[in-house]
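First, one chain by itself: the form predicted alone, in structure tokens.
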Amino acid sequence: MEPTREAATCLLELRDVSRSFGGVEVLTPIDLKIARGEFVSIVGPSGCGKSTLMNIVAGLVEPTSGRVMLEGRDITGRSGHVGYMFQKDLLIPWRTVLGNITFGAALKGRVSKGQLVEAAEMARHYGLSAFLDNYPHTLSGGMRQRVALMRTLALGRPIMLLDEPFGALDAQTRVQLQQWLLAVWAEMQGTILFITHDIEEAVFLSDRVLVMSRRPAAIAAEIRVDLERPRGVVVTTSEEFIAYKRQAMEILYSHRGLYEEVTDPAFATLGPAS
């Protein structure tokens, strides 16, 4: 059974969230709701404040104004309530695959036998049972990212924040990991907030794509992606997919205020996004 959207209740809500650093406004007041079971991606110009927004949700950065609500509770400025995975896998080099998956539990104290069994079962289920005793330096980039994601899953948080987790991978591995992530998300009925610079990746993965403007950043547009799930790679060649991708590109490259000028001549003739 795939995650539902329409009937889902609001899981995460940002209320009038803004952030300034040293008097420089990075995020204008942002309102955002994410439903339980949704996959929402954020795209925008480099340096616009996407990661700052994610850090605010994670409680690592205090907003200048506004509140972050999770399941109706105010978690503003409080960490530990969400799962957070960065672009770099940040695996602990002296811990095995099993040790890295259970690292979150280890930070809270001793890892129980039950937690070790659950972690081993998760690794088996997601195709890494043969590597439980391996150390990170022996793993491929794709395998390391899977371990990092399993470590995030093992925390059991209601929402996962993924900040460009596949950005450093080669194209083929990236596609494989995208499909794997969608399978994990559907199976676990999870909720994901995902940052990427890749518009095609955002459309392929998401229920909604949020396009952010340049600094001071705001959510310039929301694109609802009504493509049937489960999605295979072949959907990226469909007319519907290409239309969503073009819509996002028009907004990102041609919308007034997102970029001071269009630097790619391929988009110089695009009209304003609807």
Ligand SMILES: Nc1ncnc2c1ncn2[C@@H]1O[C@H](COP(=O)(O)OP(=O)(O)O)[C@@H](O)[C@H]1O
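The first residue of the sequence shown is number 1, and the count goes up from there. Note that the structure is a prediction, hence the values are computed from the model and not measured.
Below, we turn to the form predicted together with the named molecule, even though it does not appear here.
Asker: Within 4.5 Å, heavy atoms only, which of S51, Q247, T28, T236 is in contact with the named molecule in the predicted bound form?
Answerer: Checked against the cut-off, the match is S51.
Asker: Check each of P45, G66, G59, G37 and return the one that places a heavy atom within 4.5 angstroms of the named molecule in the predicted bound form.
Answerer: Selected option: P45.
Asker: Indicate whether the named molecule has at least one heavy atom within 4.5 Å of a heavy atom of R208 in the predicted bound form.
Answerer: Taking the distances in the predicted bound form, the answer for R208 is no, it never comes within 4.5 Å of the named molecule.
Asker: Using 4.5 Å between non-hydrogen atoms, is R214 touching the named molecule in the predicted bound form?
Answerer: It does not: once the named molecule is placed as it appears in the predicted bound form, R214 has no heavy atom within 4.5 Å of it.
Asker: Pick from 226 to 234, 51 to 59, 66 to 74, 239 to 247: which stretch has a heavy atom within 4.5 Å of the named molecule in the predicted bound form?
Answerer: Of the stretches listed, the one contacting the partner is 51 to 59.
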